[in-house]
Ligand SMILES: Cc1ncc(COP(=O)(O)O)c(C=O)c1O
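Presented as structure tokens, the chain that follows is alone, the form predicted on its own.
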Amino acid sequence: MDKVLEKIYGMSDADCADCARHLMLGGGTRGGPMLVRGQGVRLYDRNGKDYIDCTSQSWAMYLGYAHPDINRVVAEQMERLSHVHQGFDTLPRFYLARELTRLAGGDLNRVSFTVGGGPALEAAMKIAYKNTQPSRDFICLYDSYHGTTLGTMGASWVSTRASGKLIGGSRYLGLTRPFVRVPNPYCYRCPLGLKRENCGLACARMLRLTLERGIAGNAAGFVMEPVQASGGQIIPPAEYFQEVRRICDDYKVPLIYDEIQTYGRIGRFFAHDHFGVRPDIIILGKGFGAGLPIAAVIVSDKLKGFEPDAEELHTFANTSVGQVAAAKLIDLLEGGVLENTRRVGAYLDQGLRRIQRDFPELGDIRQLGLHIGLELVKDPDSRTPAPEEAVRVRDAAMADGLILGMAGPRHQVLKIKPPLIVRQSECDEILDKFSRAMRAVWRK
């Protein structure tokens, strides 16, 4: 082991306590296990305890930990080239751009790479804005999450009272740009108090009314997650996408899909492969690089793109290591991982519905591939949220070696989003541990 790694992994508890004094966190909740290594879908703490990770570490580790194919291709590329200024052409960048347009299809034929999800959305906003003048306002959904950069924080629930109070994003309102919000298609808990069977897609109609009467000038763009993740794992009905596409076409508004968490995880490369409605711009991040930091923007030929005069310039926008990892991920997804995502996602859904029969407090199960949300309620009739119980279920699962996620503003929603390579036997373990955690909280 390298001597620096020896120093790092040889630190005592006292060393760690001392180091912690020097570290600031702008998000997340410290207090979980001290993680030291991972293998497959499992993480290990410094005491040797293992955990099945159903968060894929911020939903980024699509192939889990220490995947041999990713390790190999990254090591080989590191021997060739790593960082290159974006003004120089490289073969990995050329190849990955062509692969993404092949997969996206239609008129989504141009790609720009950047360093993370927030900057990717900012890049998409630049392109949308320059194509919609006169415009100023972007539109997003209730409870959306699109990042915490100064350009995107205004589109994220952390700037609102969605969690019940004002938190971090509200401290920077003087620096962030405002977004106009419209109701999200949260059919289980409709923000308009309607029922899906006779709502007439009122949430989509609100988008039309907002474009007509709620903003000045043109809308610069409509940004949406095809499946709202942090907002509660909300899967819109297919007809919602169809109506949104019609509205955006009527008002010549660029439709932007934030696919940072849906790319691959829903069992298809892109959301339009499942829902059948193609956007004008797609942004990618998180798991796109199989654990390496890289993001991308895919743009329709209908829109004027970037010009090479410092419109979009990032030091690490041409990371060839991230590009080969993303390209290898595509190869593995096409080679069976996407099929596995669909198959084991359906298997988990079936198992969770069996658990629901014993625990009606599991009020709603929202599953698409391995993009799974579980909404806990006091009882299924009133649908009263049960956030305290959900936290206790998460904590009981953690103690049993299962890491679950939680929705940002909706703490009654737990998330099961393991690496896409999870096996059926590991799904059985997830279901067993989740069932035990539910029993520990609801049937004591």
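In case it trips you up, residue 1 is the first one in the sequence shown, and so on. Just so you know, these numbers come straight off a predicted model, no measurement behind them.
Only in words, not in the display: the form predicted together with the ligand, which the text now covers.
Heavy atoms within 4.5 Å of the ligand in the predicted bound form map, among the stretches 267 to 275, 252 to 260, 89 to 97, 104 to 112, onto 252 to 260 alone.
Residue contact check for residue 185: none of its heavy atoms lie within 4.5 Å of the ligand in the predicted bound form.
Although the partner is absent here, residue 143 sits far enough away that none of its heavy atoms falls within 4.5 Å of the ligand in the predicted bound form. Put simply, residue 117 is close to the ligand in the predicted bound form: some heavy atom of it is within 4.5 Å. In the predicted bound form, at least one heavy atom of residue 225 sits within 4.5 Å of a heavy atom of the ligand. Contact annotation: of the candidates 147, 169, 305, 351, the single residue with a non-hydrogen atom within 4.5 angstroms of the ligand in the predicted bound form is 147. Taking the ligand as it sits in the predicted bound form, the stretch 275 to 300 comes within 4.5 angstroms of it through a non-hydrogen atom at just one residue, 286.
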